[in-house]
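As a starting point, one isolated chain is supplied in structure tokens, in the form predicted alone.
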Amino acid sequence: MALRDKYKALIDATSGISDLAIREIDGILYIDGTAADGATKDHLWEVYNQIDPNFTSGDLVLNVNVAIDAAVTHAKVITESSNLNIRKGPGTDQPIVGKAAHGEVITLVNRSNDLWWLVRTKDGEEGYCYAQYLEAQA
């Protein structure tokens, strides 16, 4: 099955993504772009989860960030003492793309669900953190 066929539902869900680039290289489908808000990015992950529930295929790179002006609030990292992992997608099986220090205040882009929130660090790293280690700030 061709990757564009396998991920047709995901590609169809990218209609709200600006700077969209979809390409296939060496058996991997790359989807890049910018979402207008966190909910749009979360929707892409939900569609991907329906296609590959365990995120184990290894044949897709979903590299969609949220537009800077979509950030509306902040969250404080409330881990015991260690850094908080920031992951590419909502799940512990997703690769770590950055870390936020204990006590650091980061931008809360979207409260994706009760378990995972979409965040951005002051260095521009964007990804998902386990919500129990974050405290929303005004």
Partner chain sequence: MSTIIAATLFCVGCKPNDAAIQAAIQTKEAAGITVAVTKGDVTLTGEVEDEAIKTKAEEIAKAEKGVKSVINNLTVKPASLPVVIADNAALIKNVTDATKDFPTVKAEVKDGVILLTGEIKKASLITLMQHLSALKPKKIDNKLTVK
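Positions refer to the first chain, counted from 1. It should be emphasised that the depicted structure is a prediction, and the values quoted were computed from it without experimental measurement.
There is another form of the same protein, the form predicted together with the partner chain; it is not shown, and what comes next is about it.
In the predicted complex, at least one heavy atom of G91 sits within 4.5 Å of the partner chain. Residue contact with the partner chain in the predicted complex: W116 places a heavy atom within 4.5 Å of it.
Using a 4.5 angstroms limit between non-hydrogen atoms, A101 is distant from the partner chain in the predicted complex. Taking non-hydrogen atoms only, I28 approaches the partner chain to within 4.5 angstroms in the predicted complex. When the partner chain is considered in the predicted complex, only one residue from T107, N85, S112, T34 comes within 4.5 Å through any heavy atom, namely N85. By 3 Å or more, the C-alpha separation between Q132 and A39 shrinks in the predicted complex relative to the form shown here. The pair D114 and I17 approaches in the predicted complex: their C-alpha atoms are at least 3 Å nearer to each other than in the form depicted.
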